[in-house]
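Here you get one chain, nothing else, as structure tokens; it is the form predicted on its own.
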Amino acid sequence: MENMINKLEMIDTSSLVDRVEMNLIELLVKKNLKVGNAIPTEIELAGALGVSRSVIREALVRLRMIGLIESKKHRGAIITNPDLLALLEKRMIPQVLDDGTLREIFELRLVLEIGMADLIMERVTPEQIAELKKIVANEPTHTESYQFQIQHEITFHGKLYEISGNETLKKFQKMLLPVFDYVHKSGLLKKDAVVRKFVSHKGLVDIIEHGSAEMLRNGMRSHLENHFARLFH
């Protein structure tokens, strides 16, 4: 009976910390605190929310874990700019993802890389085009019907994310690299391509140099849909 009571108390405490965590975030928003601003002390927060300092302390630990606050010497806790992908990256374990989730991740990649077309065409420089040509020069010939290799994909598409100039996109691509590597090693890529002809990396470079954003979107769709066909059909 005593053990059951202790378990109930633990559940109640956890629930309280959950609520206080959300209340803290709401309080910081209402105070219009910005990155670099110091937050109220534990005593002030405990008084404002009507809970103990130990509950406040545990809720603050959670805010630190998501990168919303950090401790500074002589200043206490301050608001920080959270890394939007940090927590997701820690949970991106490809070995425990089922085929459906892998498919959704690749669909997400398809959407992102098609959507990057405007950014790439707007921001690409002649020097970057030369770098892309150098990358694809090391790839096998007849790549329009060649099963892609993971290192070719990482190098080429990583460069496209870099050209986009979007730091969040670049971080997201790096976060997904273990997933791509796992898929490559798992044997899922051994299926023959259903789409026998598709736009190769060399074809994409030609579009980037001479084409339009719309042409790049269509080319990227053709390029990546072939990967889907190999993985899931």
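The model shown is predicted, which means the values in this text are computed figures rather than measured ones. Residue positions are given as counts along the sequence shown, with the first one as 1. Whichever C-alpha set is largest while still superposing within 1.5 Å between the two forms counts as the rigid core.
The same protein has a further form, the form predicted together with the DNA, not shown here; the description that follows concerns it.
If you check in the predicted complex, do 123, 167 and 171 all have a non-hydrogen atom within 4.5 Å of the DNA?
-> No, the whole trio is out of contact, none within 4.5 Å by any heavy atom.
Among 23 to 31, 172 to 180, 203 to 211, 49 to 57, which stretch has residues with heavy atoms no more than 4.5 Å from the DNA in the predicted complex?
-> That would be stretch 49 to 57.
Given that the partner is absent here, does residue 43 sit within 4.5 Å of the DNA in the predicted complex, heavy atoms only?
-> Yes, residue 43 sits close enough to the DNA in the predicted complex that at least one of its heavy atoms falls within 4.5 Å.
Would you check, heavy atoms only and a 4.5 Å threshold, whether residue 115 touches the DNA in the predicted complex?
-> No, residue 115 is distant from the partner.
So in the predicted complex, does any heavy atom of residue 75 sit within 4.5 Å of the DNA?
-> Judged by the heavy-atom cut-off of 4.5 Å, residue 75 is in contact with the DNA in the predicted complex.
Does residue 215 reach the DNA in the predicted complex, with heavy atoms at most 4.5 Å apart?
-> No.
Stretch 16 to 30: residues contacting the DNA in the predicted complex, 4.5 Å heavy atom cut-off = Heavy-atom contacts within 4.5 Å come from 16, 17.
Spell out whether the Cα of residue 71 moves at least 2 Å between the shown form and the other one when the two forms are superposed on their rigid core.
-> Yes, because once the rigid core is superposed, the C-alpha of residue 71 moves 2 Å or more between the shown form and the other one.
2 Å or more on the CA of residue 168 between the shown form and the other one, with the rigid core superposed, yes or no?
-> No, the C-alpha position differs by under 2 Å between the shown form and the other one.
For residue 203, is the CA shift between the shown form and the other one at least 2 Å following rigid-core superposition?
-> After core superposition, the displacement of the residue 203 C-alpha between the shown form and the other one stays below 2 Å, so no.
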